[in-house]
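A single chain comes next, written as structure tokens; it is the form predicted on its own.
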């Protein structure tokens, strides 16, 4: 029996009634201040890309096989030289510690206990060294600084911390137009004001359990992992400058990182077949097809829609994706279209905000149970057996 199957089945009290990952969002909406919830939930501009991430899965239906003896089902999945207890992991999410007390550590610890990978965000508020100590198999995702010297120093820091997988997010050459952040009152830098104060009064559990506890025990949060050194506090005016000047980054920067980094190197934020092919040719160890959860260029298609063509183009090479996965059936469809592994973001952070590590563990268990059940109903015994013959386009 895998670690993910041995996770304690009991729901945390705050998650009573939660039967699926989608049940977490309305609970988090009531728990979190409007600006913080809006930051997590929102996409960019019209939310077309975020909506399409979900809609794409409805284009496919399953062909099931019967009388296959699926009694020996296992979720065990191998990727990048490691064996995990499910074919999914936790996607990187910036500023998770605003939503949940020590949020990155809660996510990382739950992932480690379940033996699934968690990708640490470069815009997290907890030092990468501390997260790595809590989850030795965690991966690190970097937003590249604006000049070569800072890039080299950051990569050195990640290597010294002991990370073995470095994920370069490459779809942020400029800041996205996240209008809903403005409408809900979320800004970078974070600007305390009457709206946030009123939301805090209306949501005392978050105010006491996350905000006050963080300030009392750890002080004002800083962006800890954007550079080789500690970044600015979340209320500092120079935060926006720290996240700019990326529009000149190009493949020569990737080549330099590839020469420097001795571990596994992935690109995240790829949406074109041509870029996936270029990444393989230049020595990447895999790509994560992604449109940043619909948070960058509005109108970018769902990664699911380019998955099959990408697999045909890159052949037998690690190909992963994130975006819109909420059910075990979504995981199965992605695997059938060519993904080796998938990542899920927002629901796990909602679970952390509501019930900490236990909430994340329960959310992982929900998704793992769905995948295991679906494998039996489809007629396969392991994720690697999922293939295109078991899926048809229905619209």
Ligand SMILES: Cc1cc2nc3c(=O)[nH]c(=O)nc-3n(C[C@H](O)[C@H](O)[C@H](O)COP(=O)(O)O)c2cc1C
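Residue numbers count along the first chain shown, from 1. Small disclaimer: the values here were computed from a predicted structure and weren't measured.
Unshown form predicted together with the named molecule; subsequent notes refer to it.
- The single contact residue among 210, 310, 290, 226, judged by any heavy atom lying within 4.5 Å of the named molecule in the model of the complex, is 290.
- When the named molecule is considered in the model of the complex, only one residue from 261, 254, 143, 101 comes within 4.5 Å through any heavy atom, namely 143.
- In the model of the complex, none of the heavy atoms of residue 33 sits within 4.5 Å of a heavy atom of the named molecule.
- In the model of the complex, the named molecule lies within 4.5 Å of some heavy atom of residue 40.
- The shortest heavy atom separation between residue 93 and the named molecule in the model of the complex is within 4.5 Å.
- The named molecule in the model of the complex comes within 4.5 Å of no heavy atom belonging to residue 360.
- Annotated contact segment (heavy atom within 4.5 Å of the named molecule in the model of the complex): 117-125, selected among 117-125, 79-87, 150-158, 202-210.
- Although the partner is absent from the chain shown here, none of 332, 340 and 381 has a heavy atom within 4.5 Å of the named molecule in the model of the complex.
- In the model of the complex, just one residue of 155-183 lies within 4.5 Å of the named molecule by at least one heavy atom: 169.
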